[in-house]
Every structure is written in structure tokens, then in C-alpha cells.
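Same chain, two forms, each on its own as C-alpha cells: structure 1, then structure 2.
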Structure 1
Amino acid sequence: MEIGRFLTTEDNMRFLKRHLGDLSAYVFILPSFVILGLFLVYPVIWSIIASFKDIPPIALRRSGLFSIPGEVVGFKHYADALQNSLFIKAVFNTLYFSVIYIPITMFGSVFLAMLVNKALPGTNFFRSVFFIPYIISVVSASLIFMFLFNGDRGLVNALLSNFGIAGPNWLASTLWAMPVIAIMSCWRNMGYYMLIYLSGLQNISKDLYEVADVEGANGFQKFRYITWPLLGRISLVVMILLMINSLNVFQEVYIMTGGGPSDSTVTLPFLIFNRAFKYYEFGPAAAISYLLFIVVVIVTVIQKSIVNKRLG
């Protein structure tokens, strides 16, 4: 009786509302928590456990939602991955992609930002044109470049033939397939990073350039001693974003080459996909995914420490 009276009194309802807030808010955000739990938290926990188990596909088919069949094998999948030649090759291919993708995208974005930073007629139009590739889907962009770099009927080889040069079969070449994928990724993402650099350029005082003009500095000297140093903080952020993007490249490889030729374009995300959904090796795939996660965390921490030193 006392408890019931305590819970139904108006004063205690005010007490609960004051300390818990409006209870209706929790009702509204409850579906979001449920969705995040089912599609984010639960898969993470499941994959962590799976990386330490050898899971037979048939047993997984018969298991329940919250049960993970299979024998516990400890760190075997992690050790096997580090000794796997295809894993080593995927690491090399991912780094190869990064070496091409990061500098071209970064300096290309700065160049485009400097072009559209001038107050000229039609500048807004060109800003939109340069940004359009970013809003195109990866599938569409990949198909465009597959047409351009087609070995028999591609536009690039047709242009080269006008100069007497026989172009290679780009996407069937172990030498050229990865550069083509990287160039496509650069083309697609350059407009986005152009806007980031554009915001930085517009915050640079024009007085600095006027002083440089008085001192007789040319365009390259103004870029080297004024523009690029003052874009340093933005460049570090862009570098982190580009590095994370390069470590997660998958769709381009899946559409354009399927990992070929001769595994020359197999990246870590593509290898994880194949092991999990093509060969149904869920344990090894989960182990490789967490090795990739560790690499991403290490790279992010190192770059964050560099950013803190620069800002400090």
C-alpha cells in the first residue's frame, strides 16, 4: 500500500521526471537502440567470437541467432592469416593502391580548389561539375572507367592509337589494373576533398598574398610559403580520411576486376569478402577483418599524434 501510494503521488512523479527526464523521449529512441544493437553491436560481438572458432557452414545454418557453433581454435586463424601468401599479397596490393590514390587525390584536390577559389564568371558552375563524380555511385563510376580502359574498344586506347601507340588491355594486365582502379577512385573523390580545401583557402588572409606580390614572389613561391603551410591542418585531416578510405577499398575491385588478374588487385576488404561469402570460411575472414581493424587503429593513432604535435 505504501509503495503503491509512493509511485502514484504527483510529487514522486515529478521527482522521476526531474531525474529521468521526459520518459517519452526514451520510448522514441528505443527503436534506434534496437536497430543499432541488432545490426552493429551484435555483428561485432559475433565476429569477435567467430574469429577464435572453426565454424562449419552446415552447423552455422542449423544454429540459432545467438549461438555460434564450431570448435574453439584460439589464435590459429590470426597466425594462419599472417603466414598466408595471399594475405601478404593483399596487404601489398592495398599499400600499392594507397601510394597511388593518396598523393594524386590530395594534390589534385588542392589544384582544383585553387582553380575554383578565384572570383571569375562561371566559378560556381565548375565547382558543381568537379563535385558531380562524388555523388555518382561506385558502380556507375566503375562502369565508366571499364568503358574508357577497355582493351579492344576503349576510348583511351583509341586515342593512343592516333599517336601510333598500342595501348594494353588495362584491366587484364597485372601491371596496369590497380593503377586504373586507383585513378578511378581519385576521379570520383577529388571533388569532395576539393571542397574541404576550398574552405581552407577562403580562410587565408589576402593580405599575405598582397605582401608576397610586393616582394616579387611568383605563383609557385606563394603556394610553397603561404598556401601550403596554412593548409597544413586540413591536409593532415584529409590524409587521415584518405588513408582510411584506401584501407577499405572493395567495391571498385569487386566490379572492375574481381580481384584479378592473378590476384593483382586483391585488397584486404576483398579478401575478407571472398573468405566469408565465397568460401564460407567465417572464422578466417573475421580474423583478417580484425587484423585490418588493428592496422586502421594504429594508423589513426599515429596520424592523430602527428596532428596533436602540429596543433600543439
Structure 2
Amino acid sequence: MEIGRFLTTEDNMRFLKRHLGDLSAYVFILPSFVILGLFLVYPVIWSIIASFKDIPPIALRRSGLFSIPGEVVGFKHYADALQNSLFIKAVFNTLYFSVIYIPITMFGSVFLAMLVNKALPGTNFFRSVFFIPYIISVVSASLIFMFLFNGDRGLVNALLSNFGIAGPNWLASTLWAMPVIAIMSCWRNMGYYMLIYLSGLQNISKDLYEVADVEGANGFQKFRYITWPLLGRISLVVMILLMINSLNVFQEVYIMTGGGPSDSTVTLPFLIFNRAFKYYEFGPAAAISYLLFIVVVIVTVIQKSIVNKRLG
């Protein structure tokens, strides 16, 4: 279209249509655009700005929706966080959680998927049983596990005492509190990952197993050389979801231990929550949350590149 040419209304419309596409499309995305813009994108920007500032709580209370008061302090909050002993402890605690949670959930869910994929008596019933914990809220599950692992009258200690073992006071022990939280998370999430693996198993051709039978392969060899490699792509997805799960442990800590005993269950999200809503240290809280975000992005990018490199 020539510049400076007098445009008729019809030309205008054609021009708009070619460049902007269907005008009604904008109506369809408008609600999502506004809501996600205000309550997802803006918060992400808000956090990054806040993480570079010293925000006085009172000034923030008085400020408008789109202003973030305070003095710019650069990377101070990031540097402070990385040197803070509680931050380092929280990172360590998160690792402790992951070391228990990730392998058990991953191998447990593959194992369950293979079990319920067979025609055994009760398969359908137990498939539901394995999945039900996933729809139970973290709050409810936490309450159930607090009582199961209660030191004085919990079921677990009662069962252990049958074998002559005096169980510890689980949630009051710096050694055992985190494993209890991890085991609860395994119980809640395994059914979900079982379903993901189940759909993967159902895509594996039966012919492969028949060939393996002809070749005289045993059950373990079939798993090692057929099932596990062909589930590779799914395993990588599951792995990243499990890592992200591990970085988001908050509610169970808030309810079951409150971060104790002696900070042994303080996780990064719990630390962020406390800094923000207990001590009103908004800048540091935002900085820690961004450190968490960066870790999640790194994990995701690494996983994506592995998927692309190995499986195309």
C-alpha cells in the first residue's frame, strides 16, 4: 500500500484485516488477556522490581496499584540471601526432601503402572485407590499423616511396637520430620504419575514383548531393554515435574511442623512466606522467590535440551 494515498474506508478495513487478523479474535482473548496480565504477568514483574528494592511496609500500604516504592539497592537482597544460614539450610532441607521423594515416587509410579496394566483380580479397584490420594487436599492429607505418625498414639508407632521397636516422635525429630513429609507427598502424588506412565505403557507395541518371549528374555530383561527405554521421554517429563514439586513444598510444612524442629523442615517456599508475611521483609522475600524461579527455569531448560538431544 502506498504511503500518502487517500484511503477509503474499505481499504482501511482490508489493511486492518490483513495485519491484525480476525477482529473478533481480540474479543475472545480479552478476558484471559486482562486477567492473566494483571494476576500473572504483572506479579512476575512486580517481584523482580521488588527484589532490587528496600520497601518500607508503610509506604507500600499507601502506594497505588502500579507503583512500588522504596530505594533501589541492586543485588543486595540476592547477595544477602545466598549468605544467609537459614537460606542455605532451606536449600539443604529441600535436597533432603527430594532425595527421598523423587526416587520413591518415580520408581513407585512405574512399578504401579506396570502392575495395574496387567489383568489381575482387583486391578480396576486398586487403580482408583492409588489415585484417590491425589484429589485429597494437602491440608487433609497433612492432618491424616500427623495423626498416623503421632509419637504417643500414632498407628505407625503402634505397629512398630509389635516388632519391639520403640518408634521416635516423628514430627518432633530433626532427622525424621522431613522424611514423614516426603512420604506423605509420595502417597499423595504417586497415583497421578502412575496414570502418566500408564498411558505411556499402553503406547508400547505388544509385538516387542512377543519377540522378546521368542528370544527367551526374562521379565527383568524385558523391563530393562524394552519398557524402561521406551518410557524415556515420559520419565524425563516426570522427573522435571517431581523436581518442581520438590521446590514447591509449603502447605505440608506450614501445617505439620511449622518449619521445626529447629528449622529442620524449613523449605524455600516456607522461608519466602515467613520473610514476607511474618517479618514484612518484602524485598528479601522477592529476591529469594526469584532465586527459586531461576532454579526452576534452569531445571526446565536442561531437561528440555536433554529431551531434544536424546529423543529428537
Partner chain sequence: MNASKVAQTIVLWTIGILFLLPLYWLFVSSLKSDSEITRFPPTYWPETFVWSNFPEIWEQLNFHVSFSNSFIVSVPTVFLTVLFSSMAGYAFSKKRFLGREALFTFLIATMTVPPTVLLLPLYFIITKMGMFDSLIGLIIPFSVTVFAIFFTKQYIDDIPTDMLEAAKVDGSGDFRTFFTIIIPLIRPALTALIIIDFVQNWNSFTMPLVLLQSEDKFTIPLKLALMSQDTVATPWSKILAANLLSLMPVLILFLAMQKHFVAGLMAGSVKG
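Here the rigid core means the biggest group of C-alpha atoms that line up within 1.5 Å when the two forms are laid on top of each other. Here, a residue number simply tells you its place in the sequence of structure 1, counted from 1. Please read these numbers as outputs of a predicted model, since none were measured by experiment.
> Pick one: which structure is the form predicted together with its partner chain?
Replying inline: Pick structure 2 here.
>> With both forms fitted on the core, check whether the Cα of I68 differs by 2 Å or more between structure 1 and structure 2.
In response: Yes, because once the rigid core is superposed, the C-alpha of I68 moves 2 Å or more between structure 1 and structure 2.
> G164: with the rigid core matched between structure 1 and structure 2, does its Cα shift 2 Å or more?
Replying inline: No, because once the rigid core is superposed, the C-alpha of G164 moves less than 2 Å between structure 1 and structure 2.
> Once you line up the core, how about I244: does its CA shift reach 2 Å between structure 1 and structure 2?
Replying inline: False for I244: its C-alpha shift is below 2 Å.
> Once the rigid core is matched, what's the CA displacement of P121 between structure 1 and structure 2 in angstrom?
Replying inline: That residue's C-alpha sits 4.3 Å away in the other form.
> Superposing on the core, what C-alpha displacement does Y42 show between structure 1 and structure 2, in angstrom?
Replying inline: Taking the core as reference, the C-alpha of Y42 is shifted 3.0 Å.
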